[in-house]
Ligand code: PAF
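Shown here is one chain on its own, the form predicted alone, set out as structure tokens.
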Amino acid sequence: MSAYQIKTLEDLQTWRKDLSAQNKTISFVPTMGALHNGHLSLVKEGFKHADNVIASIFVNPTQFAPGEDFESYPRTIEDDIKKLENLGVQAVWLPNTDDIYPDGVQSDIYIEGVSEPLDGEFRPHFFGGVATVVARLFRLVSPDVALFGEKDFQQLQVIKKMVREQSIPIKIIGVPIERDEHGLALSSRNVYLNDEEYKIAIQLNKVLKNMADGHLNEIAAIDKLLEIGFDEIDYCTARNSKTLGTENPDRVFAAVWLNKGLGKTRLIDNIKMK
């Protein structure tokens, strides 16, 4: 089945009005493209919660800082659309920058608390950009349900809090992490890994499992990651999954670098503690 490719805001509004007239519900999967099975698991889950699924593909400039990989971020739109169509997605929205940022590219939403620790410390621009683009996408699509992967667990908490604070009437559903056969969390940036780096990358999940099971403390886990061959550890720590604070930790989080000199291979992962 061919998906309806929406390329203008007028087409999006018409599509949305037609579904409303039919009393059809909508699940929304916002993506930056370069789709893998993790994204596709969100689509599959979306069909469980609504009559129609729409996915968007938009590489959002406000969540990239200067020097990050905005220009080189993988863009595979034709292949992405085929993958979505194979799952029966009814519509794919391909907005341009002016659709999302008509008054210029800037972030105007910041969610305090959950945006500040972990990735917020190392990428202070990131969650403002995420909250801004997601809020604008939500306003334009007006879905009933939106789905996000738990690999970006902190992002999921930021979006949940944003929806509460802004009184946006959308149900947010987190979908478990999809991993490859060696346990590496699927990510569009995994394409940056060469064979040697991949052999190191698949050890991240194993270290986090040992930490989640209580066999390694934070210091020992960081030492182990450096010993394995990761260049630098932004964080490897146990936190509260709701507040992301240090009280009553129930999930371990890590962000690590491979080949940091090129500034592109940063891996994140998280695992629930037993």
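Remember, it's a predicted structure, so these values are computed and weren't measured experimentally. Residue numbers here begin at 1 and follow the sequence given.
One more form of this protein exists, namely the form predicted together with the named molecule; it is left out here, but the text below deals with it.
Listed stretches are 43-51, 29-37, 210-218, 232-240; the contact stretch with the named molecule in the predicted bound form is 29-37, by a heavy atom cutoff of 4.5 Å. Contact between residue 205 and the named molecule in the predicted bound form is not found at the 4.5 Å heavy atom cutoff. Remark: residue 152 counts among the residues lining the named molecule in the predicted bound form, judged by a heavy atom distance of 4.5 Å or less. In the predicted bound form, the named molecule sits within 4.5 Å of a heavy atom belonging to residue 133. The named molecule in the predicted bound form comes within 4.5 Å of no heavy atom belonging to residue 192. Not one of 5, 93 and 97 places a heavy atom within 4.5 Å of the named molecule in the predicted bound form.
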